[in-house]
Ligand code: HEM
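Encoded as structure tokens, the following chain is the form predicted alone, with no partner shown.
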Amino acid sequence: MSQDTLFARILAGKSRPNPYPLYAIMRKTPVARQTDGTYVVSSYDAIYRLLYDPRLSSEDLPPPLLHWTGNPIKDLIIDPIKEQIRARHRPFIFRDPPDHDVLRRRVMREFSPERVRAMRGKTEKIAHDLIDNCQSREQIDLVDNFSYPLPVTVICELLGIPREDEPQFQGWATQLATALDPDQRSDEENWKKSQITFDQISAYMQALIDRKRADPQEDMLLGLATYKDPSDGRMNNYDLISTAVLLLVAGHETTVNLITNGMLTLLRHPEHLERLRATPAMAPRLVEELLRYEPPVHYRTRLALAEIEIGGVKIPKGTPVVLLLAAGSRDPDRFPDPDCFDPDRESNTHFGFGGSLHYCVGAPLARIEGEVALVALARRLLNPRLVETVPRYHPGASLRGPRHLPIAIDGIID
């Protein structure tokens, strides 16, 4: 199998149910140039080194697509200015220091350990309420009935977003998540849809922020809007909106996959499902292994700001780079028997939440949600079993998880 087209095969939908054999082939050439000039990095050591390399930039979103519509004011003034604002105030996962550091510091202030720990009890109630809603059913769709509504409800609670507005977020989040997939970024029609979607969710967020300023309540969104940093003052409206959008989308999209991939893995390894049912205290170890074995995020893209030599390969300046995180987390040079799901694994320093400057700000919350969700499912679903051997997956390769996961059950345990 040719290394120079292997990543294209990984992006193709046919590989979605099990990309790991392709990752193993890629690791044979840990830094591999693809036919489009992209370099894909797949070994643990090389990914780790590049995550900490300041010559690798996160500001890799493509330039805006502007078209002549015949309206000179719109085409030459309004649209270019809008796109400049979008580019300058993009979400902080697509920004480098110092801007990234300023925004991340503000978010981390709101994601305080106390606030996150306080969500455990609320998350447990939400989880059990969702399971109660499945009473008297013989089959559930884990995604629609549980994995999606749980983290959406949690992040809306944290941000202070009205629960009745939750249903419209699914379409917005699904579309905006395509910005993580290189093939979707380069698709002009998809990029237009993403721009329209971002305008829609931005307008919603602006109206919500205005209402919160008029009627203050204790939540993360108001905290971001009103906090005055001693060095940098208040966050401007453009950064506030892009940060709010990022927290809303990232705050549930990845956790949906963590929960769904987790339950799928447990149903394929029933001995560990039984262990979790009998010993809920093992949940933190189990979730940590899930983040290595079946992570919700499989890769992130970067841009080389200078020539970088790694693994005996020179990556030219200006070159797109893919860090294949999920391949690194199954590297046999780092993890013994990496294709084995082992919740008792020692030294489990995986890439499930990325690393370095862009380590996931919501990781503590995601761990709580994963632990609470899987314990509740293990203890309350009676005789759960897969309806489909291979479930249907979302189209994207970066945020990887089943779109639906039908599970047959014999009932709900009180």
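As the structure is a prediction and not an experimental result, all values here were calculated from the model. Counting begins at 1, following the sequence as shown.
Below, we refer to the form predicted together with the ligand, which is not included among the displayed structures.
Novice: Given that the partner is absent here, state which listed stretch (330-338, 306-314, 245-253, 224-232) has heavy atoms within 4.5 Å of the ligand in the predicted bound form.
Specialist: Of the options given, it is 245-253.
Novice: Examine residue 93 and determine whether its closest non-hydrogen atom to the ligand in the predicted bound form is within 4.5 angstroms.
Specialist: Result yes; residue 93 sits at the interface with the ligand in the predicted bound form.
Novice: Answer for residue 352 alone: is it within 4.5 Å of the ligand in the predicted bound form, judged on heavy atom distances?
Specialist: Yes, residue 352 lies within 4.5 Å of the ligand in the predicted bound form.
Novice: Closest heavy atom of residue 33 to the ligand in the predicted bound form, within 4.5 Å or not?
Specialist: No - in the predicted bound form, heavy atoms of residue 33 and the ligand never come within 4.5 Å of each other.
Novice: Is there a heavy atom of residue 126 no more than 4.5 Å from a heavy atom of the ligand in the predicted bound form?
Specialist: Answer no; every heavy atom of residue 126 is more than 4.5 Å from the ligand in the predicted bound form.
Novice: Taking 4.5 Å between heavy atoms as the contact cutoff, choose which of 357, 376, 46, 386 touches the ligand in the predicted bound form.
Specialist: The residue from 357, 376, 46, 386 that makes the contact is 357.
Novice: Please pick, from 140, 297, 321, 286, the one residue with any non-hydrogen atom lying within 4.5 angstroms of the ligand in the predicted bound form.
Specialist: Selected residue: 297.
Novice: Scan 361-377 and write down, in order along the chain, each residue with a heavy atom lying within 4.5 Å of the ligand in the predicted bound form.
Specialist: Read in sequence order, the residues that approach the ligand (within 4.5 Å, in the predicted bound form) are 361, 362, 365, 366, 369.
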